[in-house]
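Quick heads-up: it's one chain on its own, the form predicted alone, in structure tokens.
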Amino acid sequence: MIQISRYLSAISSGLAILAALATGAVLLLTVGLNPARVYYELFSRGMATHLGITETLIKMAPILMVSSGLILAFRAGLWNIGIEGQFLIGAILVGWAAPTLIRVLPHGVALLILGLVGFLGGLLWAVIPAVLKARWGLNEIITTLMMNFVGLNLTTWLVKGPLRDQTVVPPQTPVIPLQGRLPFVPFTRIHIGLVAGIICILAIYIIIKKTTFGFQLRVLGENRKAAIHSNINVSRVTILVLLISGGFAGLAGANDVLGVKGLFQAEWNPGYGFASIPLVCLANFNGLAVIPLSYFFSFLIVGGELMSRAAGVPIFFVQVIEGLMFLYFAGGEYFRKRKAGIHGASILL
């Protein structure tokens, strides 16, 4: 039955993607655009060019890292919506510390420490929501979401004030030298952040499937009362899960600063959190399924940017498609589980 349920979830995810693309085509028609041309530009530029494939693989790295933390949280029945703030805090700390550490430490050691700095930055930004949830039961959706706004404004103030590079006009941290950034995978222009992202998602998959901690968070996610009656320390698991989830978001911020941008800019927010939430849901919280879906969502981001210039479609059209995927998937899961519940009840009768 579990295997059948997985197949049904996979089918539901595929249908949600197709339904979202179909609805997007209708929306394009209503504004006078040719959906065939728009989708041709999207897929051809995102999947059929060397630039599109390379940029898609680069974009996969932070999405895999963010998704690793989200899977951990969602499996435990916790909704970490504060990815954006956690990402930015990790990113700005790395942007501030990297120029100094790279000068005084060996390259590999500096990168490892900076990765830890980013992870700890995101982790610390999740402390308040984690404690509020574990100690007083405050809704983590609200608290983590509110921390996004605080994080965005705090990092903007820091990069325009105490952490600003005074030698340039734009508000930003000092530029990290090219030789101090993440090295490339041999024979490619893709940095090793992609390898790190795959390792993160595989590690989370193993933790959830094979460890006692993974069993505890799965029980907590399925039934909180059962977790309490099983003598699982619910408060401890809640705090750990939210902190680790925030840490992965901070690590994604470190990845983008060290591997892509080379600095932290004011009001920079790539929005990986809101892209990864529907991705993880479509993957049914399965780490292995996240890998191909992360490529698909990365392709949508990169292809959307390239398509926008070629077809005259706003970049946010891709975000509309992502939102529609989530809505269709949620609706499909609701009716599937409702039908399963009715069927189960009829058997009992």
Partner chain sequence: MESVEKPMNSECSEYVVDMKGITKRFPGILANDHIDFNLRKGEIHTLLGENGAGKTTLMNVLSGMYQPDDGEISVKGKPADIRSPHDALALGIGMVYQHFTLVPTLSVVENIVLGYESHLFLDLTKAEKGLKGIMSETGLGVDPHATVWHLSVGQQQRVEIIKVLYRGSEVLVLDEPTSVLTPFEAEELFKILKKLILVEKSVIFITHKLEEAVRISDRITVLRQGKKVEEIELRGLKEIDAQRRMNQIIRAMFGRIQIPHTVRESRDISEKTVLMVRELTARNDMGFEALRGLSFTLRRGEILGIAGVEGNGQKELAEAITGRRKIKKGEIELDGTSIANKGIACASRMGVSYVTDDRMGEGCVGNLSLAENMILKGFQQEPFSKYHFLNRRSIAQHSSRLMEEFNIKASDPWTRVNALSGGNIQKLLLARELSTHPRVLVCCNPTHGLDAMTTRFIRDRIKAETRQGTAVILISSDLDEILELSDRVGVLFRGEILSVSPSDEVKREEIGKLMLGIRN
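Positions refer to the first chain, counted from 1. We call the rigid core whatever largest set of C-alpha positions still superposes within 1.5 Å between the two forms. The structure displayed is predicted, hence computed values, not measured ones.
In what follows, reference is made to the form predicted together with the partner chain, a form of this protein that is not presented.
Out of 183-191, 247-255, 202-210, 102-110, where are the residues with a heavy atom within 4.5 Å of the partner chain in the predicted complex? Of the options given, it is 202-210.
Quick check on residue 179: any heavy atom within 4.5 Å of the partner chain in the predicted complex? Residue-level check for residue 179: no, no contact with the partner chain.
Using a 4.5 angstroms cut-off on non-hydrogen atoms, would residue 228 count as touching the partner chain in the predicted complex? Flag for residue 228 set to yes.
Does the partner chain come within 4.5 Å of any heavy atom of residue 232 in the predicted complex? Residue-level check for residue 232: yes, a contact with the partner chain.
Heavy atoms within 4.5 Å of the partner chain in the predicted complex: does residue 216 have any? Judged by the heavy-atom cut-off of 4.5 Å, residue 216 is in contact with the partner chain in the predicted complex.
Could you check, with the core superposed, whether the Cα atom of residue 135 shifts 2 Å or more between this form and the one not shown? The answer is yes, as the C-alpha of residue 135 shifts between this form and the one not shown by 2 Å or more after core alignment.
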